[in-house]
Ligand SMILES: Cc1ncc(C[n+]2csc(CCOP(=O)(O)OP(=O)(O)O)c2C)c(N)n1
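Below sits a lone chain in structure tokens, taken as the form predicted alone.
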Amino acid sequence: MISSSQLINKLKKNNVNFFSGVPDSCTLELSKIASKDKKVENIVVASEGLGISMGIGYYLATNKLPCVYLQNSGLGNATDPLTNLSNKEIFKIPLILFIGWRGAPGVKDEPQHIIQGKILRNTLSNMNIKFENIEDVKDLKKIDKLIKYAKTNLRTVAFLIKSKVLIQNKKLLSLPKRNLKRDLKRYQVLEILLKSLNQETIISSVGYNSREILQIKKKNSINNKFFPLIGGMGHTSALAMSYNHFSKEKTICIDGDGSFFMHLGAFLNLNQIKNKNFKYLLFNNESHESIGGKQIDSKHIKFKKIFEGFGFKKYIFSNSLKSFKKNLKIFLKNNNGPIAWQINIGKGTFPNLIRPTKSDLEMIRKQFQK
């Protein structure tokens, strides 16, 4: 294991002072300490491709190496700028990647990480990206060697980090956490919502949204059609709009703010497919909660104007249990949509929250399509 302080100090000694990316469970500690270190700058972005673009912009402005962190599941989002901008065949812009290696061979992980875990090394090799595994302190010397290669040859290099390799910095544990002063919890909303449904179909985003719904459905024997995205962050809205358009069923899309921002352009198609019975529910806790709670800086965003600009016919907002219950009937009975409902919540979920298995997923898909 390696402390996040050791890693950040090693990078600083190599004159790496800029960080950007989407934090995950493997790279979260790197992002956290980069945010607290006054000698470096860290920009958390909505998608991995944007992190690469931020890094390229930094290099063009400073001629210094940027560091971009991401999970291997997000490598697809980063492929375009990595191959069509920074690659040696195009602009020859060097980057350092720290990639969280979920589903690594020999490591038990969730089903959505299996394929990405198997193909990660081959994918990087096919992209002509040299890489090294970083597992403990002795591997830090690999960083010096690969960074020197990146600078000399103007190439992108990558370091692969498995779960629990980076350990928490004790000094950061005592820092006060941002308090949103929100008492309303997602599971409270979901339990009331699910018990109030009639024939609506639910499609929900990766993370706690889907897992909490699975747990509530199991506990209360709720049988509404339900499709959980256990991966594919940011793709919930497009999938739900398409399903709603072709099935003609009343569809509720339940999304999180991290997923919402990642592929916001999906809503450009809202008017084209004209989904009058499409209902979009956005949980906003200004964080990537299921991967450690890294803050999303969205307090300045005017969500109502965004939804209206994309063509939603109605927007409603709740930030308390009272306002949620008041707006629930409006949301469910509205058939002249699409309608958007933003619900501001605090962090927190069920203890021992269930995780779907590979066999669960096939059964869920078959039941959904009956």
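Residue indices: 1-based, along the sequence shown. Everything quoted here is computed from the prediction, not taken from an experiment.
One more form of this protein exists, namely the form predicted together with this ligand; it is left out here, but the text below deals with it.
Figure note: of the listed segments 202 to 210, 157 to 165, 82 to 90, 121 to 129, the one touching this ligand in the model of the complex, with heavy atoms no more than 4.5 Å away, is 202 to 210. When this ligand is considered in the model of the complex, only one residue from N275, T251, S73, S237 comes within 4.5 Å through any heavy atom, namely S73.
Contact with this ligand in the model of the complex, defined as a heavy atom within 4.5 Å, holds for exactly one of S290, Q215, Q295, Q116, namely S290. Proximity of P228 to this ligand in the model of the complex falls outside the 4.5 Å heavy atom cutoff. Remark: N285 counts among the residues lining this ligand in the model of the complex, judged by a heavy atom distance of 4.5 Å or less. In the model of the complex, at least one heavy atom of R186 sits within 4.5 Å of this ligand. Using a 4.5 angstroms threshold between heavy atoms, G258 counts as touching this ligand in the model of the complex. In sequence order, V22, P23 are the residues of 9 to 23 having a heavy atom within 4.5 Å of this ligand in the model of the complex; the partner itself is omitted from this view.
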